[in-house]
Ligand code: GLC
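Below you'll find only one chain, the form predicted on its own, shown as structure tokens.
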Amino acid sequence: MTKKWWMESVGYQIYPKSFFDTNYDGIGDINGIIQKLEYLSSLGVNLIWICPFYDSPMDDHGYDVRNFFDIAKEFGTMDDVKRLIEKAHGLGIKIILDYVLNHTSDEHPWFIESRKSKDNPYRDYYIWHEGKLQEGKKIEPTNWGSFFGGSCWKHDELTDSYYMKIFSDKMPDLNWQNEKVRNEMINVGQKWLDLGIDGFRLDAVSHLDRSEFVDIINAPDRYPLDWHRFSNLPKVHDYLKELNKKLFSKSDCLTIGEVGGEASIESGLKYAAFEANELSMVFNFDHNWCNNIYEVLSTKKLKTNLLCLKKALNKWQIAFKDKGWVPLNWLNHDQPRLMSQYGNHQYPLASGKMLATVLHMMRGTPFIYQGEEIGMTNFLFDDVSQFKDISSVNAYHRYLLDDSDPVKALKKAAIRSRDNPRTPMQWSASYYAGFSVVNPWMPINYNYKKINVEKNIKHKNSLWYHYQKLIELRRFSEYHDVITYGNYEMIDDNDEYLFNYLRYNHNQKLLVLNSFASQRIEYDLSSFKIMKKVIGNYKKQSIKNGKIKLKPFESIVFELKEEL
């Protein structure tokens, strides 16, 4: 294994629209990121992933790019970006940006040209189809559904044709079979690398290929969503190998793919094994839904399925042990908040620290999503007008069709809404949570006076300092090598309350204990030779006769004496 700089990094994801507002328009901006770089550096972060700030109509908050070489006016200017890169690098912080490959905005010049006529030179930049006749009427080419609901095809009256859009109607899919498209996107990436960024998170990268355009048979819905029609298909790997050869391999850049669509371990290795010649790493989402989130409205209580969670995280650790590297993340801008997903409202501090320990002591490159380090939670939506995410709005209306009760429809849409992680960052207890001095683009979470950066930093026992300590252990302590590169071995695999594992190399061994229980649990330590405590979320431990009584949501890391 060749060691790379990104293996020894700790990442932090920034959703710029909700990070920090400096020009008083209620929207976060690039200068806001610049102003908070010292904060990130003090936390220990040395890598930031910034979500799109390119010129965009903002139908999907920047993922619908209108111009890859310009900056959305609400975020700033290209000069601001240059200053951001310069200051971040001066603090030892690398920057990766979203590389949006699957689609553009329908306002992108390529698409404007593409829809003008069937023989336009840009027509083949996108996926167009004439549709099919049914009972004498033209309908969609297939019955495939979109990730945002409804059909994945949109009729365009100008040429009486359909274009494919697996996300929003305003986000037409690029045709990656067209070599000109591939060359255009390579040019986009090269321009940003030349500007000085350090790599990319490749958005929706698993969707660059399409299966044969035939209907889904015996579909339960009018437009069923079947990932297999446009996820993790063979040609994606051909395209990524080309990108790697012509772009990525020419610099020491980091590339992380977003591989949704039920990506398997086998598929993940094709993308990101050391010998794959495609990507550095891939994000997966196997661990994001290991609870009863679909039934919680009837059970009234969200409960973690720990066996599911352990299996999901463990399989990627094992598969990539000698063959590749993994990013470690609980969530991103598309998933509910960690504390609302797996935390405990009765023990927020203990459970928050425990969840941080679970992830940050594993092998891989950790990523913190903004606000995770202070324990931010989901927003309590009380009206559909508070949704800013188009997929959440669409979900609400789908649920309303299933059940005419608007309260239930709102709760169902809210619990998984992508707006949950996008509420403004809670910097202080001051008005608008210190995010802005004017009403923000979306509501501030009601608990901002209780949960904010300022309060966390004032209290040395806070969640923030626990994250800082975990990062310090990984990056700068005597345990750097074993935490970063050491072997990982899960123990107590079938325990429904404990998530325990070992980290070890040739001269160090760590035991990582994590309780997901709200009651005390006794655990036998007699088979381990404890040397000392490395980190824990309680000051004192109850150890007697070789047994430890783990408190609710306790986590503790012990250094073990190596056997001779």
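Keep in mind the model is a prediction, meaning the values are calculated, not measured. Residue numbers run from 1 along the displayed sequence.
The form predicted in complex with ligand GLC is left out here; the points below concern that form.
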Handout entry: Stretch from 416 to 424, 124 to 132, 310 to 318, 474 to 482 whose residues place a heavy atom within 4.5 Å of ligand GLC in the model of the complex
Key = 416 to 424
Practice task
Select from the listed residues R229, H287, H108, R201 the one whose heavy atoms reach within 4.5 Å of ligand GLC in the model of the complex.
Solution key: R201
Fill in the blank from the handout: Contact with ligand GLC in the model of the complex, heavy atom within 4.5 Å, among Y399, F148, Y239, Y465 goes to F148
Exercise for the section: Mark D29 yes when one of its heavy atoms lies within 4.5 Å of a heavy atom of ligand GLC in the model of the complex, and no otherwise. Expected result: no
Handout entry: is_contact(E258, ligand GLC) in the model of the complex, heavy atom dist at most 4.5 Å
Key = yes
Exercise for the section: Look up in the model of the complex whether M171 has a non-hydrogen atom within 4.5 angstroms of ligand GLC, and give yes or no. Expected result: yes
Exercise for the section: Indicate whether ligand GLC has at least one heavy atom within 4.5 Å of a heavy atom of K412 in the model of the complex. Expected result: no
